[in-house]
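Below: one protein chain in two forms, given as structure tokens, structure 1 then structure 2.
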Structure 1
């Protein structure tokens, strides 16, 4: 299930003293109740040789309880018009569920059951390992994922974040059922839990049900997820994932990004809006796609690793040009980055970005689920809550001089780590061709060629 999208928050998080920490959005027009359960313990706490434990817990809890095997649990849930999914991120295990409003009570009974009385069935565990292994293998078919994982291996080398959240072939095979049980015991306690609900029902009705979970959970104190340092090179480093005879090239370029509570984020977001963040109007789109016709998709984001968190993430530029334009696009982007870093934005670009960000602000609050998503972000990552007028004042106050100063504070001209998924021989040929006039020692070289198999090993 997808993570609730973040944006802002109008009402501060509510903590029921000595009871479950519940964020609530009541909306009488809703036809369903949605619930988000966040356990603040993610894959960054997985042992290095067993990456994937957190993600497997999210899945196995939904595969049977003390009184219902998987089939009975799931069919009961689905027959009442409900669904629940679970997945881990680097700092959380999250369960997202939805049910038609009439069956909210029965649905919450099932939530109580799977969270507090999981079966940890051996057969289900074996099946889950097989499924995850198959899914990991399948990443080889998805070039953008291969490129992203190639970057992670470099940037987060030596930490659990260097791997996919769901683990690798090797780590999945090392995980045993007892690892999941132990992790459940150590992470599923009161201190780590956060509930978020959007429903047409009264909050008190939901609270009553959630009390059962709270009572069953052991006491515990929230422990912050370990944070890791990023290994970003000082000169561009190019990794090629070799996939012979592709029709397109998948290019990802990363620098260090920001944390959720970064005070400079308004300025950086505004800058990125015009550089590559906003489809159809950004510089990257207008030049590399609209003017040159080299690619269909191109953009840039500070949310390359999903929603921002307390862990510093990646700032990323991405594009999938026709294969013959792969290195041309890469050099063009580097060139455009230099201009952006040195000169920031033109007045017209700042005006467009300010208007767009301010005017699109209401979309962050136009549904109960979006409002709830903001509440969750605020609670988890101390993201301050701005009213529309405060937000406007922040955004309208941004000027180019300050932007350039902040770009130089957070970014560098040449500190890129780059992955290209395409035929390595073709890329080498293109690099030679594109850099003919550049002295050999100053050329961008392929630092490493990886096989798709190596990425998921």
Structure 2
């Protein structure tokens, strides 16, 4: 998640009556103050029949306050040279913005106002529902989104995480303005706040404004977002999202991922760098795209759900092949995965990954906002911040024997949930052709066919 140079973070931390917890980074060279506000209360806390509540709160708070309607709020923001927007993730509600440094005080006054005195205007609420319904409808045009949501329906079945963060057509229509007010009341309190600031201004100049936000909020204890168990099969499960007229399909393959605290993440990240994480040098890119020319893009990541957190995420391999090469790409990836899982990396692959990771790591600390981002991540998820020398020692010490052990510890050969967005009839023909020499009982079969409308409904 991108960290901006002035960050206000609202997180699940114990309520401290003495005042707000503050992390601070000062950079006198900055010409603007930028801000991110994160409430650790995301879509995983939405009611199953009303997913989308958290995301709507992130938007409606910026549509007017007790003293300013939407038009006046926006014009006030623009006149001071500022901007701000909001969105939700599975465990947070976030606000991000920017203002010229001379107007930092005025900007923070506006932040206090929308955080503590939102209007919750009925007209704006109805307008927001219609806008979000249109945005959800547009998902049908984005194959990768359809494929990702098809996977989530399986992995997180029966929980709010099986649905898009912004909800579905059915759940949005069920949400009422009172639901947003109730969620706001239960989430926006002192127990959910941490303040983290990076600014060209002195810390003392910021502290007073942060204190005014803190004192305006009600008391409350932390309410951590619930953690959801993943439902991963022991054998490959293939879901097809039927889109007969698409010319470029989408293939997404998921296994259980890791959490932010995972001690093996350095080894796994290094391995993934060479397997599929880094364009141009990874195995997947060099074989499936460069050598075979079957796909436009291909890669793999442990951050399929965004930044790592306390919620176990997904490890995902993704590619966008031409339709005629869809199943060929799928089976090639499975074969390459088997080789990776059993044999790990070659020495030259490890050397390249180590050099690249070690040399790029210091760039994560070359600005105040980046350094603060590390502090925030550490505070939120109890992740230690390694210095460049500590990180180099950790990465240089990774060997292939240990990597293979850890791959087998965290992953399986056949435990994939796979989604393909393409013409279901075409995919079935391709599966039959590619597996004609394999006994019927051992073939990869289509487990389920979904329509795009089913995914967003």
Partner chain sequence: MKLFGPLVSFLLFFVSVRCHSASYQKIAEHTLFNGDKLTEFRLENGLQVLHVPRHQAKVLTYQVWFRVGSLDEKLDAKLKKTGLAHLFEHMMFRGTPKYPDGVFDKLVSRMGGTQQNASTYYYRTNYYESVPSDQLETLMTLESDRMQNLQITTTLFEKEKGAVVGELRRHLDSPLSVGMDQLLETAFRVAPYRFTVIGNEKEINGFTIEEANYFYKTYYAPNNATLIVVGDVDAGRLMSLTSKYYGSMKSQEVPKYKIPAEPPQKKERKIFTRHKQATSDSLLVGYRIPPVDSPDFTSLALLATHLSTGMEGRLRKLLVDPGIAVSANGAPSSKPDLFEFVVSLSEKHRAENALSIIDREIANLQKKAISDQDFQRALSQEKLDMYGSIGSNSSLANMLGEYLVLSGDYLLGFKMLAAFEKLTPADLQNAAKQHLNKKQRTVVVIRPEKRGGKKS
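These numbers come from a predicted model, not from an experiment. Positions refer to the first chain, counted from 1. Here, rigid core means the biggest group of C-alpha atoms that superpose within 1.5 Å across both forms.
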{"item": "Of the two forms shown alone, the one predicted alone", "value": "2"}
{"item": "Residue 338 C-alpha relocation of at least 2 Å between structure 1 and structure 2, rigid core basis", "value": "no"}
{"item": "Core-superposed comparison between structure 1 and structure 2, residue 288 Cα displacement 2 Å or beyond", "value": "no"}
{"item": "Per-residue C-alpha change between structure 1 and structure 2, residue 144, threshold 2 Å, rigid core fit", "value": "no"}
{"item": "Angstrom displacement of the CA atom of residue 366 between structure 1 and structure 2, core fixed", "value": "2.3"}
